[in-house]
Ligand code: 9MR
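Here we start with a single chain on its own, the form predicted alone, put down as structure tokens.
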Amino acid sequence: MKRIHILLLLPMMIVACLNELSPAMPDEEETTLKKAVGHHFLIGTTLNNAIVNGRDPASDRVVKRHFNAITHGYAMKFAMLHPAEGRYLFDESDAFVRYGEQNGMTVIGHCLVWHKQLPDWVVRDKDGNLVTPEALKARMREHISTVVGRYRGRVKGWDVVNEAFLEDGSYRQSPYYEILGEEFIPLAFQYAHEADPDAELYYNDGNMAVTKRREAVVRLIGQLKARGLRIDAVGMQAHVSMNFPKVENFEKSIQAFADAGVKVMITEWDMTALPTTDTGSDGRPLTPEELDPYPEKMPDSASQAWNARMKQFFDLFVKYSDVVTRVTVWGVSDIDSWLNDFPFPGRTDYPLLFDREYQPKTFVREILGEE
């Protein structure tokens, strides 16, 4: 009899052991951002090496659960990839692209041409003088061809040129502009398209709710299209604050870019909860306590105002979901935002969709249907 009982129990014991050894399967009905908004647009975030390499498991879980598009904050910038002539460092960018592929995410490349994080050797000779136009063209082509070509068919789209205009609509006096003039932008788009004809190509910039910058980018779109060059979308950086920009001005820019014949991607989205100037409305300098008002947590009134304004922007993105194809937040949780310690050390900010406990903020819970 004992033998029979053991035989009868054996299958149940095996199943129990297997359940212990097997990882828990995700609930197919669980609510996630990518499920909640996936019919509108891709929902993305930026990664860092700690997430990519598994050293930040808490952020990794949030990324895998909620996001279906990724951008690396710095691994694909010129100085990181190509610090010296003839020397490329692809380990970090390779790991980033693999992460996206292994998790079924859309991978975005950021960025090919930018005036910051640009090694001197690209634009200056051994004597410190600006290089000739021919030399810079050759270096741009070689860099873009190598980087875009390496990830051909694996990176969905590229921020080809980043932040080329000032708010008054004039060209930024970057080394690229000083050497090549306005031509550096069409050349960058040409080289990127040659390296991967199927990749989407974007122009990315900040504060594009400002009229003059918006108008400059609309002109640029027309110029590129007139020359038969590919430009698929404008990336509108959305580093916003509690009082800037006006939502209606942001909307005007979305509409203007759509009218110019391109899609819109909301990039680098976050919203500081802290003062953005160091003087009060009466002109007096703000005290350290006023500049860093929430060192421990946001009070309920401030949190409610922050969530309401973020929801306004999100509703705007949904309103234009026939034009807006991706919304990317600039960080996973408040704890790893670049806005902490900015513009000086010691500040604590609350700018992202998930708090320091990796929990969704109120307006995010509303999107998820949890409120």
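The first residue of the sequence shown is number 1, and the count goes up from there. These numbers come from a predicted model, not from an experiment.
Separately, the form predicted together with the ligand exists; it is not shown, and the next lines address it.
- Interface membership of Pro175, defined by any non-hydrogen atom within 4.5 Å of the ligand in the predicted complex, is ruled out.
- Among residues of the shown chain, Ser93 is not one whose heavy atoms approach the ligand to within 4.5 Å in the predicted complex.
- The ligand in the predicted complex comes within 4.5 Å of no heavy atom belonging to Ser253.
- The closest non-hydrogen atom of Asn243 lies beyond 4.5 Å of the ligand in the predicted complex.
- Contact with the ligand, judged by heavy atoms within 4.5 Å in the predicted complex, is confined among 293-301, 223-231, 112-120, 271-279 to 112-120.
- Using a 4.5 angstroms heavy atom cutoff to the ligand in the predicted complex, none of His40, Phe257 and Tyr320 count as contacting.
- The single contact residue among Arg150, Lys137, His239, His193, judged by any heavy atom lying within 4.5 Å of the ligand in the predicted complex, is His239.
- This chain appears without its partner; in the predicted complex, the one residue of Lys263, Arg141, Arg154, Lys77 with a heavy atom within 4.5 Å of the ligand is Lys77.
- Contacts between stretch 325-344 and the ligand, counted in the predicted complex as any heavy atom lying within 4.5 Å, involve Trp330, Trp338, listed in sequence order.
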